[in-house]
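For reference, the chain that follows is the form predicted on its own, supplied as structure tokens.
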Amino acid sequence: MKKRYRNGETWDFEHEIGVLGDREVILGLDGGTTSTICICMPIFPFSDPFPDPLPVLSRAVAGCSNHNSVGETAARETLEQVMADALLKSGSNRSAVRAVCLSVSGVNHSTDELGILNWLREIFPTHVKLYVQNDAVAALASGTMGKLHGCVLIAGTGSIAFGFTEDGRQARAAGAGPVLGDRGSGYGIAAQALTAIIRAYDGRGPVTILSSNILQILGLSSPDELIGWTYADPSWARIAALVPVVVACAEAGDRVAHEILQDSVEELALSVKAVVQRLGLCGEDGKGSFPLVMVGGVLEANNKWDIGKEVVNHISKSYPGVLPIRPKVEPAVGAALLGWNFLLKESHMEPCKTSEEWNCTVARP
């Protein structure tokens, strides 16, 4: 097999360890703008329900792997290193891997999938099945335990709504990044707050306690300094980290912060409703039930301002059959379960769905 080495060190550990017996494993990877997580899971016999807890051998964490944010070279270095770290921690190597299910933000087109797939083929043996998709798919699978049906709403640093029907049709809304509009995301919320501070300082907008609270958190003395702080390092995650301050100001009664969060709720709900409508997840009468998996720090409950709850309330007015799900496992585990389900289908001699149907790409020997 071909081997690819970053600085000649990434896979050096394989020369020093052996594989534990004949144990075969699956790698599930969730790569986002803020962090990248890879878990190593052994292949286990089918059971319904799945064993609780799920058997996870190891977990490795790295930085951003969105190529739109850090560039293709840095993204691939991060992905390769985190996969190697997960195998090292599990006492396994690449020969023990049966499948890799890699879900990464920034995978928005078949050309993105193909580029990553070709790169993965250089790293893993030919017997390894390779699946590549957007990170929203792993998030959905984390709530449905590996099944692709329903809708997922991710609202963290960025935001996206992604849905699948049982026959493999798919649709997405939002997720185009901050330049093309990412309202409702952590970045979108915090960017609106920063804009509100500048508007208030100029006299173009209402006074808001966002000004004093955010300046204090950042250690700045004047809104003038906020301009330099913002453009010194305008990374998405750095800006999005200010969301808790916006929520605290809204809970304290600040009208500007309240309106920013309300706008976020409406935008996130619109994204979900667009996907549900395009796929007909609600049935012909609009009242059918469908799972809505909710993932991301923006959707976590707060004392008074529960953005996730407000989003569900908005959606349920149009689609009363919505069934919100808070995943019990992280998206990286969802990615591994998805890979496990693909392998199970193939072992039953069922053809794997095409890339267009499943938003995955399968490597053939």
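Remember, predicted model here, so these are calculated numbers, not experimental data. Between two forms, the rigid core is defined as the largest C-alpha subset superposing within 1.5 Å. Note that residue numbering begins at 1 and tracks the sequence as displayed.
Another form, the form predicted in complex with a further copy of the same chain, is not on view; read the next lines as being about it.
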{"item": "Among the candidates 168, 280, 115, 181, the residue which, in the predicted complex, approaches a further copy of the same chain to within 4.5 Å (heavy atoms)", "value": "181"}
{"item": "a further copy of the same chain: the contacting residue among 195, 289, 110, 262 in the predicted complex [heavy atom, 4.5 Å]", "value": "195"}
{"item": "Contact stretch among 136-144, 236-244, 67-75, 86-94 - heavy atom within 4.5 Å of a further copy of the same chain in the predicted complex", "value": "236-244"}
{"item": "Partner proximity in the predicted complex: residue 253 to a further copy of the same chain, non-hydrogen atom cutoff 4.5 Å", "value": "no"}
{"item": "Contact test in the predicted complex: residue 177 vs a further copy of the same chain, heavy atoms, 4.5 Å", "value": "yes"}
{"item": "4.5 angstroms heavy atom contact with a further copy of the same chain in the predicted complex for residue 129", "value": "no"}
{"item": "Proximity of residue 79 to a further copy of the same chain in the predicted complex, heavy atoms at 4.5 Å", "value": "no"}
{"item": "Candidate site 191, 230 and 270: all three near a further copy of the same chain in the predicted complex by heavy atom within 4.5 Å", "value": "yes"}
{"item": "Members of 186-211 lying within 4.5 angstroms of a further copy of the same chain, judged by heavy atom, in the predicted complex", "value": "187, 191, 194, 195, 198, 199, 201, 202, 203, 204"}
{"item": "Flag for residue 109, CA shift 2 Å or larger between this form and the one not shown after aligning core", "value": "yes"}
{"item": "Core-aligned CA displacement of residue 318 at least 2 Å between this form and the one not shown", "value": "no"}
